[in-house]
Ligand SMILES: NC(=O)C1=CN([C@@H]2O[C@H](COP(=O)(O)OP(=O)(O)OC[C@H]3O[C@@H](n4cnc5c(N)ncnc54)[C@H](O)[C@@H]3O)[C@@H](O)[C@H]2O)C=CC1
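In structure tokens, one chain follows: the form predicted on its own.
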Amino acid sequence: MVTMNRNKVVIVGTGQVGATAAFAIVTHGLCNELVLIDHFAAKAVGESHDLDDGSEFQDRHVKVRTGDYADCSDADIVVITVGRKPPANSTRLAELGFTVGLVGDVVDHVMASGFDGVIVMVSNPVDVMAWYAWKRSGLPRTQVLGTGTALDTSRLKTIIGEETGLDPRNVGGFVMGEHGDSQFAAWSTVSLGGKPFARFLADNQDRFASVSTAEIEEKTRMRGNEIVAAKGGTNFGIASTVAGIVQTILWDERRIVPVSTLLDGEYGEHDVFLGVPTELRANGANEIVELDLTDEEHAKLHHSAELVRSYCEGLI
């Protein structure tokens, strides 16, 4: 189990996402030791040396090194980022056939080490891969989670900030469901400055008459594709998301984050991982917060669940 001493994190996969997540963890000083593992050992060595070389200028020294799967035996968290850059305009689910073999191999090696911490899945399609890692690892549901719609929720808040000119940290609420095309903004949960967002817009029609929730939601859904088209991949947003999740777990902050976790009766769904607000503690994903969604939002969540479940069929 997690030792709660902010000790050791392992990242498997040092591509653009894994390396940037490592940088975020180091710059925030989240753990004592960060171990990088990659199929291409030289890549992991280069990234570890590059990260470690800036230690003099960090607020807290994090020992960064390369390692192998034996290092997972006493790790608090293993972050899995293996995969490849998706082509522009492709879906995350389109990467399933390629990624599942990589993730299965990684999970087998991690568990063979005697690992008993928390797996944070980043590889896409993340909801399917988190479910697959949970099934394959045999770990309790609390100890396997995916980044889910945490990044999408941050994107929603950022876009609302762009549309209103206000700090996005004033925005509350969640994007839920699949981290993909069937995700949805649960507008019944979204607030700005403590006021329901729909009421905020109604009370400020003279300033925000052109702001459309439908357009905001579509921009949120398409943001990742636009970034991939512009620069070939996404890394900073997801790296910040990973660092935030790692910090919440290692430091036992008990924050509510919309991670991908197992639904076992919550929202009327079973045997599926979806992005839903979840209390994160030192042992991983704990209580799921069941929000009072509208009938339309419930229908969207069930649609997401059916889609993700259909891609899980036949994997185990």
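Small disclaimer: the values here were computed from a predicted structure and weren't measured. Heads up: residue numbers just count along the shown sequence, starting at 1.
Here the subject shifts to the form predicted in complex with the ligand, a form of this protein not shown in this document.
S.K.: If I superpose the C-alphas around the site and drop in the ligand as it sits in the predicted complex, do 3 or more of its atoms land within 2.4 Å of a backbone or C-beta atom here, i.e. is the pocket blocked or open?
M.R.: Pocket open on this form.
S.K.: Name the residue from 72, 238, 245, 119 that puts a heavy atom within 4.5 Å of the ligand in the predicted complex.
M.R.: Contact with the ligand in the predicted complex is made by 238 alone.
S.K.: Tell me, which of 82, 171, 176, 110 has a heavy atom within 4.5 angstroms of the ligand in the predicted complex?
M.R.: Among 82, 171, 176, 110, a heavy atom within 4.5 Å of the ligand in the predicted complex occurs only for 82.
S.K.: Choose one stretch from 289-297, 21-29, 7-15, 304-312: the one whose residues place a heavy atom within 4.5 angstroms of the ligand in the predicted complex.
M.R.: Every other range fails; the passing one is 7-15.
S.K.: Hey, in the predicted complex, does residue 159 get a heavy atom within 4.5 angstroms of the ligand?
M.R.: No, no contact at 4.5 Å.
S.K.: May I ask you to check whether residue 124 falls inside a 4.5 Å heavy atom distance of the ligand in the predicted complex?
M.R.: Contact with the ligand, yes.
S.K.: Taking the shortest heavy atom distance, is residue 106 within 4.5 Å of the ligand in the predicted complex?
M.R.: So residue 106 counts as contacting the ligand.
S.K.: Give a yes or no for residue 40: in the predicted complex, does one of its heavy atoms lie within 4.5 Å of a heavy atom belonging to the ligand?
M.R.: Yes, residue 40 sits close enough to the ligand in the predicted complex that at least one of its heavy atoms falls within 4.5 Å.
S.K.: Thinking of 142, 256 and 261 as the candidate spot, does the ligand come within 4.5 Å of a heavy atom on all of them in the predicted complex?
M.R.: The answer is no: none of the three residues contacts the partner (heavy atom, 4.5 Å cut-off).
S.K.: Residue by residue through 280-304, which ones have a non-hydrogen atom no more than 4.5 angstroms from the ligand in the predicted complex?
M.R.: Result: empty, none.
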